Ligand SMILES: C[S@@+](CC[C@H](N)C(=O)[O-])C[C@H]1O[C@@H](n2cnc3c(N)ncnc32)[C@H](O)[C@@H]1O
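In the form predicted on its own, a lone chain appears below as structure tokens.
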């Protein structure tokens, strides 16, 4: 049984003092100091030898070592060069860990190409290999990471992560609630989503000012298979929530400005018995998908 790093406050402060660094708030650095929570993340991810794990935010490598003991391979990405160096000392004995040092995101809408290339390389080395995201995600990138991975060229089998509680609540929110929106629809339309546990600030160092949560998102191929055009659906679901309190007709007019005339938008509304005075937040993910297809087909018929 491998000996795991006991990431306590005293350990972290000692190690940071030794190398002359401190947590960087702009990178969303909050380190888990409750070992039971680290173990819960690994259990929730249900890692096995066929799994290639993507971890974003290596930190000091405490979660990384636990995952490496269970997974086929771990690809861990750290933006902070000082933490990367520190973690290298903890991880050098693991031959199934690949460390990368840069920002995992090329921009807010896409992953850095080097990350995808490394994932493809490691998946090719494992027969039946599958990608899983498992990470204590930095708060400032949690939403784009979860959202963009479902738009990438390599779709994960599952995503298990600690994120802000408010983002977790948006992910699992139901229609006609304050937290329900484009993120809820995008993720629920493709995954079975659940909150595993709410985490108080006390399980992190430095303590954040808000609660966190572990979320488990299991990608459902059957759900994804019902979406003919993922990019169109992604854009559509975002656009109808730009002005969430406006009526549906007004929102759709804005969404397709320059593409559809007002009478063409009205045609789709009338032909499909949509309620023009409804609001986007009232529609389920299935209903938003159906509505998206109505307009995609309308555009296709016009463009020929």
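Positions refer to the first chain, counted from 1. Computed from a predicted structure; not experimentally measured.
Keep in mind that the form predicted together with the ligand is not shown, yet the notes after this line are about it.
Q: Could you work out which of 87, 123, 137, 75 is the residue within 4.5 angstroms of the ligand in the model of the complex, going by heavy atoms?
A: Checked against the cut-off, the match is 137.
Q: Tell me, which of 80, 179, 194, 211 has a heavy atom within 4.5 angstroms of the ligand in the model of the complex?
A: If I apply the 4.5 Å criterion carefully, the residue I get is 80.
Q: Please run the contact check for residue 56 against the ligand in the model of the complex: heavy atoms, 4.5 angstroms, yes or no?
A: Close contact exists here: in the model of the complex, residue 56 approaches the ligand to within 4.5 Å, heavy atoms only.
Q: Using a 4.5 angstroms cut-off on non-hydrogen atoms, would residue 102 count as touching the ligand in the model of the complex?
A: Yes, contact at 4.5 Å.
Q: In the model of the complex, does residue 236 come within 4.5 Å of the ligand, counting heavy atoms only?
A: No, residue 236 stays farther than 4.5 Å from the ligand in the model of the complex.
Q: Is residue 30 close enough to touch the ligand in the model of the complex, meaning at least one heavy atom pair within 4.5 Å?
A: Within the cut-off, so yes.
Q: Only one of these stretches, 57-65, 237-245, 252-260, 268-276, has heavy atoms within 4.5 Å of the ligand in the model of the complex; which one is it?
A: Among the listed stretches, the partner-contacting one is 57-65.
Q: Are there residues in 158-172 with a heavy atom within 4.5 Å of the ligand in the model of the complex, and which are they, in order?
A: Counting only heavy atoms within 4.5 Å of the ligand in the model of the complex, no residue of 158-172 makes contact.
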